[in-house]
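A single chain comes next, written as structure tokens; it is the form predicted on its own.
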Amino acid sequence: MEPETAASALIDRLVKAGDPYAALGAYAHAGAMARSELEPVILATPRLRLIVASAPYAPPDLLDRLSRGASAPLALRLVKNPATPTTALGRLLRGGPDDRLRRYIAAHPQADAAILSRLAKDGSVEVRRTVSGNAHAPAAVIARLAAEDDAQIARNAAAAPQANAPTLRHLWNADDVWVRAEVAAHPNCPPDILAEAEAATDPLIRRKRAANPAIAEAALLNLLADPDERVRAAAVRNPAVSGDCLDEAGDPSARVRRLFARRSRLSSSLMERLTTDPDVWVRRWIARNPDLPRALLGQLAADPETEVRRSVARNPACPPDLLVALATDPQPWVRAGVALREDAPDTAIARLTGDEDRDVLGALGRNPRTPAAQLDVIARHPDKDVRRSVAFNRAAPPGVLGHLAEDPYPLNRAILAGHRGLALPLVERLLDDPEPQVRFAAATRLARALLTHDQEWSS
């Protein structure tokens, strides 16, 4: 059957079946004519319209369609849905919604400058406060709101991404340590205010300043000597400081040392000290550092803590010989870390194929390098979570995937329906599945293959 004929047959089948879930799955990939046929199925009842209005996976243009003449309950579902498009929000706002709906619109991630500018003049202070907390609020809106004498708005405005230097300067003069702290953390904070914040007696202001990505590296390094561990931690965490400039003689705070261990491009001496740190979390983090030399990785691979050895197994720089050794680790969680590695040597994979632990089998099920015979065994495992791992394996052969099409657990079938290796006839069978989420996933996969002429058609 030609793709065009198959696509038309799919739409006809979904319309005749009257299944709103399968129709919704196909809708996003359908053309205008097909959508006009699917819409009556998807939106057949008030209950279905409420369900679609709440679904974050619903296509934006379908949500826009629902916003036309929406009832109050439907409008509430739409303004709470992060996928509702800007056009729908504007239409709902023009309808004169109540205070509650206006607050949801003011907080919505799709609200544009025009909507936020209008709501910034709203008579409700709660609505204006919500606008000030929207990350997309433009600089002019933030400046207008910052002029109000409201503590909540001031704090939100000081943290607003679009707040400009004049607005931040105005807010710095507020008698509120939280507002001043947010100003000190802002990338647009004027240099003179940053300098003033450096000498602040309140550690919150110094900590926020240390988190500012616009601060100079030299200033950050000075903050590593701050008496407050939270300030030092913020300085280490700041991406503006390069790892090769970091060094320490042994910070007394394990919290700070953990953050050192998470950084890249550390000096050799610092990495060596961190590998012998008494805090297990420090060793866990440094064990994942791809810059660790072979000797230090070998040392951590023999660490008495399971999680440290697991981190070595997940380190992209872990050499093949260590992976082979860790494949026989007494702890299954460590062996599972090796089993996930697509670059694990054949010897390591061979040692793992006889493993019976569910974590190891689940990791092998996801690994494209796992032999087909082993994947077949995993796909028949009594544990549903172990079986599901094969549905995520892009290299799983069609015969193995066929077992999962009959899996008794609905989630496994739903995930399988989106696998590129599952033959389309098997996907079509899932359109008759008793579970709505499986039918949705199957229709989505078929629509992507047939209606968009995806290369999957040849599978």
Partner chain sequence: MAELLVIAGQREGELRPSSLEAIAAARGVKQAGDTLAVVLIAADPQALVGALSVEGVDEVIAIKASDDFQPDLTEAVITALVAARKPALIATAHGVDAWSFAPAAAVKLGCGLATDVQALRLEDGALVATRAGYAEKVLVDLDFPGKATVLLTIRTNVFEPAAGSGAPKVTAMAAPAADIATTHEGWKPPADAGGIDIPGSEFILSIGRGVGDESNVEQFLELAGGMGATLGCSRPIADNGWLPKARQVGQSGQLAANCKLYIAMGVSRSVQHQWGMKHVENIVAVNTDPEASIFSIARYGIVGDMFEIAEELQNHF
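This structure is a prediction, so every number in the text was calculated from the model and none was measured. Positions refer to the first chain, counted from 1.
Keep in mind the form predicted in complex with the partner chain is missing from the figure; the text below concerns it.
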For this session: Could you check which residue among 30, 58, 400, 415 gets a heavy atom within 4.5 Å of the partner chain in the predicted bound form?
Result: 415
For this session: Could you check which residue among 255, 169, 369, 381 gets a heavy atom within 4.5 Å of the partner chain in the predicted bound form?
Result: 255
Exercise. Hey, in the predicted bound form, does residue 207 get a heavy atom within 4.5 angstroms of the partner chain?
Worked result: yes
For this session: Answer yes if any heavy atom of residue 237 is within 4.5 Å of a heavy atom of the partner chain in the predicted bound form; otherwise answer no.
Result: yes
Exercise. Would residue 426 show up as a contact with the partner chain in the predicted bound form if we use heavy atoms at 4.5 Å?
Worked result: no
Exercise. Counting only non-hydrogen atoms and a 4.5 angstroms cut-off, does residue 102 reach the partner chain in the predicted bound form?
Worked result: no
For this session: Please determine, with the chain shown alone, which of 145-153, 285-293, 86-94, 218-226 has non-hydrogen atoms within 4.5 Å of the partner chain in the predicted bound form.
Result: 285-293
Exercise. Who in 409-448 is close to the partner chain in the predicted bound form, meaning a heavy atom within 4.5 Å?
Worked result: 409, 411, 415
